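Next comes just one chain, in structure tokens: the form predicted alone.
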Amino acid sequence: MTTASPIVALRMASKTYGRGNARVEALKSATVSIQPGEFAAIVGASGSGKSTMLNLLGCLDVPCSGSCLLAGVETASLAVDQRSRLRRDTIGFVFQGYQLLERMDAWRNVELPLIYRGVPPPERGRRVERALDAVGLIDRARHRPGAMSGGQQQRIAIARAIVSEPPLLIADEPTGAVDAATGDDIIDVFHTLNRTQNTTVVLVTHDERIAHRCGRMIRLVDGRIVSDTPTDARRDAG
């Protein structure tokens, strides 16, 4: 049986910040592969290297040594604009702070990435409707962020991330600003996207309970991967 190529992978990737006495090894010889269709969580205490790993996997930064491959492309060999295009075409991002534009309603917030891409209006409309329907908020399309709860705003942010139909979603503490019940609802949305659209999901979380709801848990301590194991969620799915 042929094994699929990873959608994103680190190979002995290290990242160092600063010089001399201020030098910090944020990530140390990390090797990890994320296969298409996986749902993985990166966990660890503050300062463990989670954000650094997320930045490398998300093509927002490049390693000081080792390699990072996104969709089979070595990111460190690309110019900044090439990395930007690869990131745009491959990844949807979801952030803890939502980053919605307050002056625009939900529809316009979700539509914005398609406008930047030059997608024609009729196709934009179809995609926005699909994305809002996927997160269960088509009825809130004409509401502005300030008229929605935190959980609803995060789901609108997820719709914006998936409207371009990227194969990979990267989420940075997506449940960090909401209560536990709302956080579970957000993870349910990710599960639905993962199951019905085969969207690969990688999220960073400090919440062990949320991490156990993902299919795989990658744990970092002091910049090193100390464990990489399936969770009960994957075993139950299997």
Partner chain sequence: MRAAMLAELPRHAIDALRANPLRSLLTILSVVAGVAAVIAMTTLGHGVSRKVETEINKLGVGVLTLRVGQRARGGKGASIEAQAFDYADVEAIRSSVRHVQSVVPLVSRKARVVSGRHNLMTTLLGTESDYFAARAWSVAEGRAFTAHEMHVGAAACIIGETIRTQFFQGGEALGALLRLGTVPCTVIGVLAPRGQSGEEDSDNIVAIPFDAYQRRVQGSPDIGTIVVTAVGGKVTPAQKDALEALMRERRRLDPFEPSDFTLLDMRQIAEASAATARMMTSLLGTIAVLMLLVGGLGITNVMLVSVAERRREIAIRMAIGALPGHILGQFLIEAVALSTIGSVFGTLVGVGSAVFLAPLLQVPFVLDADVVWVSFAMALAIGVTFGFAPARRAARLDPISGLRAA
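Since the structure is predicted, the reported quantities are computational estimates derived from the model, not experimental observations. Residue numbers count along the first chain shown, from 1.
Keep in mind that the form predicted in complex with the partner chain is missing from the display, and what follows is about it.
Out of the listed residues 148, 162, 112, 78, 112 is the one that sits within 4.5 Å of the partner chain in the model of the complex by at least one heavy atom. Using a 4.5 Å cutoff between non-hydrogen atoms, residue 126 does not count as a contact of the partner chain in the model of the complex.
Heavy atoms of residue 61 reach within 4.5 Å of the partner chain in the model of the complex, making it an interface residue. Taking non-hydrogen atoms only, residue 73 never approaches the partner chain to within 4.5 angstroms in the model of the complex.
Residue 138 falls outside the set of residues with a heavy atom inside 4.5 Å of the partner chain in the model of the complex. Contact with the partner chain in the model of the complex, judged as any non-hydrogen atom within 4.5 angstroms, is confined among 53-61, 166-174, 29-37, 185-193 to 53-61.
Candidate site formed by 16, 43 and 69: none of these residues places a non-hydrogen atom within 4.5 angstroms of the partner chain in the model of the complex. Counting a residue when any of its non-hydrogen atoms is within 4.5 Å of the partner chain in the model of the complex, there are no hits in 30-51.
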